[in-house]
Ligand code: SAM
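A single chain comes next, written as C-alpha cells; it is the form predicted on its own.
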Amino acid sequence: MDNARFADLLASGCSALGVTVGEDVGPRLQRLMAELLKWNAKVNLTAITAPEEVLEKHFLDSLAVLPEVTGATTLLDLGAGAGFPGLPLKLVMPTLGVTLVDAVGKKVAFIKAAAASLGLTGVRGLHARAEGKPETEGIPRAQVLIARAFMDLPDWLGLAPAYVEEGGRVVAMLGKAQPDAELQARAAERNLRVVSARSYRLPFSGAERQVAVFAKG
C-alpha cells in the first residue's frame, strides 16, 4: 500500500469513527505496520497480514477507543498481543505512560523492538501472566486498564480491579454488543459500576464492536 492510499484510508477511517489524530501519526503507523509484517514473516504475531486489514482491524480498532482513554496519564494493556491497542494509542497520546503485558515472549520482544524503532519513550513491554497479583507479577497499576478480546467479560471483570489505581477505570473492548442490563449485571457481580458503553462498527468491514468502561463502586 503506497503512502497516499494509507493516508487516505487512515483519514477516512478516523473520520468514520469520530476520532482525530495528528499529522505525524500516519507515517509512524506505517512504520509500525512495516515492522509488524517484517517480524510476522518469521514469528507468528498476528493472523491479519493484508495491509488494509492491519490498518482497520489493528490500528483503527485501537484508535476507536481514544474517547475512553483521553485524559489518562498511565495505561496498562493486558494481553497486549503484538501491541494493540497500546502502541497506536501511545502514538496519538505521546505523554501517556504505557505498559503492555503479554504471556508470550515473542510478542513482548516485538513490542520492545517496535517501540525502539519508533523512538517511543514511556513504553514498557512486560513478559508476564496476569493472575490478579500485580505485586508479585511485577505489573504496575494504572489509571486506565484496557484489554481487547483478552478473555470473557465476567473473567476480565474479576481480574481487572487488582490492576487499577484508586479512582481509575477498566476499559473492555468487546466484539458484538452486549445489552446494558447484561453489562450492569456483570459489573455488579464484581462490585463495579458501568460508566459508559458505546457500540460502533469498523469503517470498512462493518464489523461490530463495543467498548465498555467500568469503575469501582
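Position 1 is the first residue in the sequence shown; the rest follow in order. This one's a predicted model, so the numbers in the text were calculated from it and none came from an experiment.
A second form of this protein, the form predicted together with the ligand, is not displayed here; the remarks below concern that form.
This chain is drawn without the ligand; in the predicted bound form, the residue among L66, L37, A149, A177 with a heavy atom within 4.5 Å of it is A149. Comment: the ligand is not present in this chain, but in the predicted bound form one of A130, L89, L75, A115 has a heavy atom within 4.5 Å of it, namely A130. Screening 66-74, 149-157, 187-195, 26-34 for residues having heavy atoms within 4.5 Å of the ligand in the predicted bound form returns a single hit, 149-157. Proximity of H58 to the ligand in the predicted bound form: non-hydrogen atoms within 4.5 Å are present.
Under a 4.5 angstroms non-hydrogen atom cutoff, the ligand in the predicted bound form has G79 among its neighbouring residues.
Though the partner is left out of this view, F84 does reach within 4.5 Å of the ligand in the predicted bound form, counting heavy atoms only. Heavy atoms of V104 reach within 4.5 Å of the ligand in the predicted bound form, making it an interface residue.
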